[in-house]
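Shown here is one chain on its own, the form predicted on its own, set out as structure tokens.
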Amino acid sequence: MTGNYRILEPTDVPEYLRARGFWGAGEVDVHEVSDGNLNRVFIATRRDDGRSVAVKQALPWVRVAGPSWPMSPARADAEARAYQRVRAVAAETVPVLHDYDPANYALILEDLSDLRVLRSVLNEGGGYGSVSTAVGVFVARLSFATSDFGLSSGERKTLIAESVNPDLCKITEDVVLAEPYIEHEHNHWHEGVADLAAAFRADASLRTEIADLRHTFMTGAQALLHGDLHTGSIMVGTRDGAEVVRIFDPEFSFVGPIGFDLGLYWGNTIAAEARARALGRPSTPGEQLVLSWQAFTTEFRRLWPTRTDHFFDDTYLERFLHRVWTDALGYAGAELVRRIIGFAHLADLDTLPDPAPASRHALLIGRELILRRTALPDPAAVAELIEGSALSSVLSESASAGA
């Protein structure tokens, strides 16, 4: 941290904004809207004309834990860099970054409070609109532009070096890709899935496949990622009668495997589908996976002729996309597992009248996506798995393993 770093309180924000060159004189109302685990967020609104901005500051610890869980606030550097990179290729998908203050690890961003978090919309029975297509395009453009296909070798090396994000990568390596499969104090679950939690910890083949996904996450420097792309990091709504989708909170951003971003999103859509089925709402299994994958591959293929190195031919493109597909399936499975028996759960499932049936089904889907990621050839096979027909053979197996 720099010597000038100070933690902002709501009363500090008006003067702080003026010092950063925003708005000058005038009354400013500030209220805190911090919701995630890590940071503080304030909305500042001018009384005279209603103009507003969001101020987000990274704390030197995990917000929900306090000083007992220290963490470098330099994660805000990663978020600012990610926004700048995305705005060069897909500006319409992210909030405007008005200013970044590296001394105080604070971002001044477009106010999105007129929009709603996608997860909340889905939990209340709303739909996706064009979100999944927007996610696919977002991942394709960001990953192509920051890969060996979109940058020179020297530019890529510079990007990798400047995008190292050790603290938040370590969280993912542990919380997503290790802890749910071992005895760990962070883990917790609904009693109705206790047998599956025990079975997963005792499953040697599952542990090996997670180790493979973990190592790929640690070493597979394919492109710049959002790093935490789920239904809670997407906001939706309308402005002037037009649909608006904004992907935010890329503080976990680093150069890693492209399939990770897609997989996190897929895992969350599968959990949302499990909630819809449990509540008797209409649900089309795997539909959002299909839409996002189609959008990703279509956009990536559209960009392919502009690649910087034509030694990579069209046949290699298909091999590369298949690798992204299999990685994404595995990470989707890991996201489902960690959201049910790991540290951070999903309101989608936890707020059901009885979370157990939907959670059990989602856990089994997660296990199969991890174990069979190289054997599921296309979205249709995944949709069949989600519907449950392909799970019948493992239901009794998993129950027996946990007995």
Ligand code: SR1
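In this text, all values refer to a predicted model and were calculated from it rather than measured experimentally. Sequential numbering from 1, following the sequence displayed.
The protein also exists as the form predicted in complex with this ligand; that form is not presented, and the subsequent description refers to it.
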Q) Any of the heavy atoms of I171 lying within 4.5 Å of this ligand in the model of the complex? A) yes
Practice task
Examine A347 and determine whether its closest non-hydrogen atom to this ligand in the model of the complex is within 4.5 angstroms.
Solution key: no
_Considering non-hydrogen atoms and a 4.5 Å limit, does this ligand approach D228 in the model of the complex?_
yes
Would I341 sit within 4.5 Å of this ligand in the model of the complex, counting heavy atoms only?
no
As a check of understanding, the residue in I370, A362, L38, V55 with any heavy atom within 4.5 Å of this ligand in the model of the complex should be identified as L38
None of V176, I247, I210, A332 but one has a heavy atom within 4.5 Å of this ligand in the model of the complex; the exception is V176
Testing 42 to 50, 333 to 341, 354 to 362, 26 to 34 against this ligand in the model of the complex with a 4.5 Å heavy atom criterion leaves exactly one stretch, namely 333 to 341
Kindly indicate whether F149, L321 and W325 are, all three, within 4.5 angstroms of this ligand in the model of the complex, using heavy atoms. no
Residues in 39 to 62 that come within 4.5 Å of this ligand in the model of the complex by at least one heavy atom, in order, are V62
